[in-house]
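In structure tokens, the next block holds one chain alone, the form predicted on its own.
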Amino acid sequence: MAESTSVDAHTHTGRGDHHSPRPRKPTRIDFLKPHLNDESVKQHPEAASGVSSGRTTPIPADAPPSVQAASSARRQIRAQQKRRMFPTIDYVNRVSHFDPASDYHDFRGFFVLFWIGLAIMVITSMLRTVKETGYPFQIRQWNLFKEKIWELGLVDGAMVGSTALALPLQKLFLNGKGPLRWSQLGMAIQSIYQAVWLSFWCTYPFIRDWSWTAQVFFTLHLLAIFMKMHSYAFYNGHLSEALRRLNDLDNPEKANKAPAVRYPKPRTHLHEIPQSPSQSEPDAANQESLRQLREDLAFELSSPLGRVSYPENLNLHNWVDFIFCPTLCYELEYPRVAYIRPLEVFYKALAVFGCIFLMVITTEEFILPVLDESAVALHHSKGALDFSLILAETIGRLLFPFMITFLLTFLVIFEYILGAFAEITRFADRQFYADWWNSCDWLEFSREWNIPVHHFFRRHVYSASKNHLSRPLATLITFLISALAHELVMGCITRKFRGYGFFAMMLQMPIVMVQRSKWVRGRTLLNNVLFWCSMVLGLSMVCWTILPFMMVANQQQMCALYVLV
């Protein structure tokens, strides 16, 4: 039975008690059956008598009490139903499923409807293409996907494998003497290597003149691997210094007795991020303070689950495992599920190719034709008014297909690709996104849209900056680095660095200030409406900026640029 009749009572100020639908099925179905009280039984003794109505087998007088009780209950229920002309409907004070006061949050049916709508779109497009060309599909971008694909695979593998140099470097800094330790030259050596590594692999696709599809895939994977390498190196470097301090405490007279530095965890709240300890040592280095310092350092060197300690993790197996785990923040150990579900891996891999296929069909049927028509129309426009009307019409026709492509991109990355790697590695924490669709400002969206990247920036950028700068400046630096990464990806598509991605990212800062002002703050529905309007109008801003450039550029490159932004 559907649960639309199930209710739950809550008290709200000024509204009294009302009931809210709950997405659970009743576990005791007997509670839903009607029961007669003693008075009704007395008024209708024939219902409880042993006389049969002709529809059931009479119960013998010497039947066991349990059989007699069951037969009596059935007769009472039939007698009660017989007296009702219409079924009883219970009316109580309750709210609808979409009411803001409702506790019902299970809208899985709309997700199913989304896929059914896309299936209808594909079937309709296929029938139209068969009618016009005789073929079910006509994919103009197929050659772009095949171009230099073997080189892409080999270079991508070499790029990932080159990060393994961080492992011998960490062993060198662990056992190094004098300047060859992390706090001396180790951090500088690692930073220089990362800068050279990033510069080389970013320029390689430009030198080889790859297609934008191969270059965008490689650049996005490059940035993810770069963040993994940085987290692996800097966290292990921090642990190497903690191990040195713990070993030095065996000789307390010459050891540094400053408080232990706790490295921020990926899910540490912003106000809980520890500041750098002062370098002043305690006045009295008694046994209790030394014991507490040793304990703090030992806890820092152990994994959260307590099964791995530094430097036991410095091996090739641990590095390979971290590379494949769907996270950007390194830990000594991660929680794991008991086993791999091969069928789930197959379903998610199939969903990845299905989503890519849907994105290609959306682009071929609803984006590229619009770009082709608008390019010709803009070329023959006769005035500013004609130009503006063509531009506005193009923007309107592109907004809906780009939103579909945006949602498919979200699903293919955060639900299916990361989910498949989590299943393969038995990675237990699979919350790669939160309910970003309910965001009220861009900071909330940045936290919930891409949780792995948010954890990396909070742990390795924001916390590192906050130790030396104020909180607003640390936030500004975090947005600045994110904006540079977006501009890099956009430059890979257009082959020109025009600053569109950087400007769009930095524009979020004043928008957040407006959304958190006293006039707008706290208005959840209004802020969510403004968030979605800015999401949709962001595509319009890109169109207004670069549609004229489309007249002399590759339309497929412009399509990719829209999807990215």
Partner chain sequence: MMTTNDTERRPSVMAHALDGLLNTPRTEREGSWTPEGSSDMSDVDGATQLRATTKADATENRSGNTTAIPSDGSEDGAFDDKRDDNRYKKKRKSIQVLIDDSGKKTQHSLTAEDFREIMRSGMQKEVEKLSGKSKARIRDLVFTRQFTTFDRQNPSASQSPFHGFFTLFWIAMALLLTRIAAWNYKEQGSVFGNAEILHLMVDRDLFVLLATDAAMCAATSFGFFLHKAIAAGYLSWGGSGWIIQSVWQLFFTGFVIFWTFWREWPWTHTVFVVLHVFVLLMKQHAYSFYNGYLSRVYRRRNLLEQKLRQLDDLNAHQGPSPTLPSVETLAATGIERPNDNTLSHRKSRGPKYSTDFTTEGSQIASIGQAIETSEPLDAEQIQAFHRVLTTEVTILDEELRGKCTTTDNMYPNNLTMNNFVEWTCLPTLVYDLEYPRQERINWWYVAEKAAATLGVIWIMIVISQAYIYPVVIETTRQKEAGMSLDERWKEFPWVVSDMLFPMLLEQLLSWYVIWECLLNVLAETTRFADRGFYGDWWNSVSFDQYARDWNRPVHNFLLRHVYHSSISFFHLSKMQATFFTFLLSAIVHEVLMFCIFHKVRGYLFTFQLTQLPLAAFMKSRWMKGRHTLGNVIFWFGLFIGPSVITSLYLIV
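In this text, all values refer to a predicted model and were calculated from it rather than measured experimentally. Positions refer to the first chain, counted from 1.
Below, we refer to the form predicted together with the partner chain, which is not included among the displayed structures.
For this session: Find the only residue in Ile120, Ala188, Leu343, Ala195 having a heavy atom within 4.5 Å of the partner chain in the predicted bound form.
Result: When the partner chain is considered in the predicted bound form, the option within 4.5 Å is Ile120.
Exercise. Only one of Asp250, Glu295, Glu312, Asp435 has a non-hydrogen atom within 4.5 angstroms of the partner chain in the predicted bound form; which is it?
Worked result: Flagged contact: Asp435.
Problem set entry | Partner contact for Glu393 in the predicted bound form: the partner chain, 4.5 angstroms, heavy atom | Output for Glu393 is yes: heavy atoms within 4.5 Å of the partner chain.
For this session: Classify Lys131 as contacting or not contacting the partner chain in the predicted bound form by the rule of any non-hydrogen atom within 4.5 angstroms, answering yes or no.
Result: Within the cut-off, so yes.
Problem set entry | Contact test in the predicted bound form: Gly109 vs the partner chain, heavy atoms, 4.5 Å | Within the cut-off, so yes.
For this session: Evaluate Phe200 for contact with the partner chain in the predicted bound form, applying a 4.5 angstroms cut-off between non-hydrogen atoms, and reply yes or no.
Result: Contact with the partner chain, no.
Exercise. With the partner removed from view, which of 451-459, 220-228, 100-108, 417-425 is the stretch that lies within 4.5 Å of the partner chain in the predicted bound form, judged by heavy atom distances?
Worked result: Result of the contact check: 100-108.
Exercise. Mind checking whether each of Leu113, Leu127 and Leu407 has a heavy atom within 4.5 Å of the partner chain in the predicted bound form?
Worked result: All three within 4.5 Å in the predicted bound form.
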